[in-house]
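Okay, so here's just one chain, in structure tokens, the form predicted alone.
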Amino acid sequence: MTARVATLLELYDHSLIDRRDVPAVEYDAADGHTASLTFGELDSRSNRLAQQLGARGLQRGDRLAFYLVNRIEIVDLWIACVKLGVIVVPINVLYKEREIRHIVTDAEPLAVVTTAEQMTQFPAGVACWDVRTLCSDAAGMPDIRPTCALNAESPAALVYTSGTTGASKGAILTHGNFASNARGVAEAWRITSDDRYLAALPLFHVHGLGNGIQTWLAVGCHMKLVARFEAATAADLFESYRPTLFFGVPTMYVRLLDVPDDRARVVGKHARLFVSGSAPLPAQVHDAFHAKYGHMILERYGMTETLMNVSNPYDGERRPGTVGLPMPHVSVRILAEDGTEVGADATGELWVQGPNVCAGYWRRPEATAESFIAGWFRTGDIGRCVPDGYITLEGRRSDLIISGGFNIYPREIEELLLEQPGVREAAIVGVVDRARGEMPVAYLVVDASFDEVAALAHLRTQLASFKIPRGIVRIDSLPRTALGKVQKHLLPPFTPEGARP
């Protein structure tokens, strides 16, 4: 891999040019059959698509959005936009009209690439291009790579935050952000051209797009791209493709625990590395997966605005419940509210600095000024660092519950609840209390074996009294983003009469 690059295309050419005859990707074609492409074919396809996009009026600095489930055309579109200097705006395919309207109004893309069936999701006046027609038209264009003067500071994408609180903001991710992140990921996790990467994460999210696609193109390994992760067919997919590398979210790993032991051992035999991110991975899932597959999942921590920040080590202890140590070329500080650095085992907010950190928020100067201070990015995540350097996340700063002057970090209570028999999912939120300001309340997804009295009794032996939930609300499921992050603001309102204290 090139030691230092200024733009993504310089990074990709290690694969697109130097490995042009090497098989790059297999995927399900429109006719249902498995298709494959070499790196050289990807280069040619993206050249033609770039010519077509240019013919449709796109120029450097313009925005082009896509609203698509995983398909090979997203890869073509991404590389073509990189070559043109066009800024890509991925849109979550689970978003509906109100959420979509916010993004297209804010980013002002020249057009949105989607399917004919999905165009009805978009407000009147938004130009929508059918992905099939666009790529069909591109096939007749000349295979000529466009020339565009770019550098590491050139924007490559506007990726909108998941919007768990309030309206989402567009993080301006540059060529340098994506390139440095890809190099850091490959270095930290020993990813090489010999790997086989199973890509099941959605490409509208930075986990799949920023870590998966960028690292694959950087190292030139083989990739299997699937439309989505499906628990019912997961074992078949792993056995047939035999990946060495898999990136997932906690819900995927929970589903993989349902695979029969004998099949799980076969999957584990061929795999080299399982990585989890985008949401906390419960310690019991770590242990159960290790017992079944023979692999310790590598948990890491990243953000839309920063890509990868912290990771458990490839070589060394992968410690359940922690996100590990700072990534290569990334600096992390843990600061108290007054801006002073906290000591070992003390809790504070994580601040991050490095080439992975975005250039700011699109058209949000106030939000940018609030988040970027003296060259450091305030993550809003609360954590602590033990003496040997491992970092544990305690939750979001906005999730912090202050009860009678005491700080309560929801994740501590959630982890204990998830250890109780019958608890499948848990979320702790703060509700207004006249006497103490706030009190914690538990929202639980449970099965018939759950014993509420026993669970609360156990919590009282493990936690200070002010951390014990004021009530328990049983619900069918926790509202989550596409990547499994709990959207606490969408939980039903707490009513004391509807809960069991």
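In this text, all values refer to a predicted model and were calculated from it rather than measured experimentally. Numbering starts at 1 and runs along the sequence shown.
The discussion below concerns the form predicted in complex with ligand MCA, not included here.
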Does F229 reach ligand MCA in the model of the complex, with heavy atoms at most 4.5 Å apart?
yes
So in the model of the complex, is ligand MCA close enough to G404 to count as touching (4.5 Å, heavy atoms)?
yes
Does at least one non-hydrogen atom of A264 fall within 4.5 angstroms of ligand MCA in the model of the complex?
no
Wondering, does K292 line up within 4.5 Å of ligand MCA in the model of the complex on heavy atoms?
no
For the three residues V93, P202 and V249, verify that every one has a non-hydrogen atom within 4.5 Å of ligand MCA in the model of the complex; reply yes or no.
yes
Pick from R183, H207, K83, H286: which has a non-hydrogen atom within 4.5 Å of ligand MCA in the model of the complex?
H207
Looking at R474, H458, R436, R60 here, can you tell me which has any non-hydrogen atom within 4.5 angstroms of ligand MCA in the model of the complex?
R436
With ligand MCA left out here, work out from 297 to 305, 325 to 333, 144 to 152, 130 to 138 which stretch has heavy atoms within 4.5 Å of it in the model of the complex.
297 to 305
Once you compare with this form, do the C-alpha atoms of R460 and V386 lie closer or farther in the model of the complex, given a change of 3 Å or more?
farther
